[in-house]
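Single chain ahead, written as structure tokens, the form predicted on its own.
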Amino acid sequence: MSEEKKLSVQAMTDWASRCLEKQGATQDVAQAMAKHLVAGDLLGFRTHGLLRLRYNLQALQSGQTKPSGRAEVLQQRAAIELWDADLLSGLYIVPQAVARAIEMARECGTGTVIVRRTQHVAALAVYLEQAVAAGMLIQMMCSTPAQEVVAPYGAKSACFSPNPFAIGAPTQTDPILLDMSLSMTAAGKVRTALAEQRQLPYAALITPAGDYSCDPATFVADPPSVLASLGGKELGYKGTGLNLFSELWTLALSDYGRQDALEADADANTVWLQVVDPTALAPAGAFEQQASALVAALQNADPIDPQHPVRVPGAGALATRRRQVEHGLEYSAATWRQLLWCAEFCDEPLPTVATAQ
């Protein structure tokens, strides 16, 4: 008898929105936050979906996340802007930044927005299709000025945040969607492994003694282990370079680095995003044709294991979304316990389970 719960997308989005409103978020803010958390679940980014609703509710209650307001435009030129979100949720602000970058790209061929001091952003993947649907390419990076949990190659102490990187591109069929951390794994995945009492599948942690480890318990020990840069023990110098790239494009460009972060910022993020209109360079449809040819070459590569063909970035996430849209959002027992906590915290009963098998 499985403990998996399945619920409708709309019911869970509406429920989460009501919970967020009860903690002070205005309706437009709550709806955007709920929509993008559920979008993470739909794509299979479980650690960045409604599992993080509890954090967002507590951040609203404590004042760590502002319940309403607007981002301030600090600097701007024709195709680039710097915003300060003043601790508004990234789930609310980032879609606005993407929309603004699309506007600039339509006019100038490209548009870049850097947003500093925005609270929980969740999975970058959930914002990619906003640009792709407009026929645009998009790339995004995110860092957290007040967080240091990722070690550079050759070190056992941290100086980076996990720094996700994402790209989206249209093709003649499904879009290409890539969302990855520049550390060996995300902190949320380590916490999930700890909650499920299992080891990580690879040595993604570095202990205070300098040993690479698969044990998530070391991440909450005193002193704790830190995340390894992408590439791990053998190739972590590549991940270190990518992490530095990310923080140059986010923290340095925004002129709000680790030495500037305030205690009140807590987990506030800096997001860099850039949108490109391919029709600025080639006729409409030309990019999609070229991208489709690249995808076809990838899919036609001879697999090592015929049972595991080469996958296009985003294909698994889109298949997961199609399944859940048809059959209901899937929640594990561990996530369901977190949602029950949210329901009690907000006095907002969870929707009725559609299917429990």
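As the structure is a prediction and not an experimental result, all values here were calculated from the model. A residue's number is simply how far along the shown sequence it sits, counting from 1.
One more form of this protein should be noted, the form predicted together with a further copy of the same chain, which is absent from this view; the next part is about it.
- Distance criterion of 4.5 Å from any heavy atom to a further copy of the same chain in the predicted complex singles out Ala105 from the list Cys142, Ala105, Ala97, Ala123.
- This chain appears without its partner; in the predicted complex, the one residue of Ala195, Ala146, Ala217, Leu253 with a heavy atom within 4.5 Å of a further copy of the same chain is Leu253.
- In the predicted complex, none of the heavy atoms of Gln119 sits within 4.5 Å of a heavy atom of a further copy of the same chain.
- Shown alone here, Ser183 lies within 4.5 Å of a further copy of the same chain in the predicted complex, counting heavy atoms only.
- Proximity of Pro303 to a further copy of the same chain in the predicted complex: non-hydrogen atoms within 4.5 Å are present.
- None of the heavy atoms of Gly188 is located within 4.5 Å of a further copy of the same chain in the predicted complex.
- Of the candidate stretches 148-156, 217-225, 89-97, 262-270, only 148-156 contains residues with a heavy atom within 4.5 Å of a further copy of the same chain in the predicted complex.
- No residue of the trio Ala34, Leu340 and Pro351 has any heavy atom within 4.5 Å of a further copy of the same chain in the predicted complex.
- Contacts with a further copy of the same chain in the predicted complex, taken as any heavy atom within 4.5 Å, map within 106-124 to Arg106, Glu107, Cys108, Gly109, Thr110, Thr112, Ile114.
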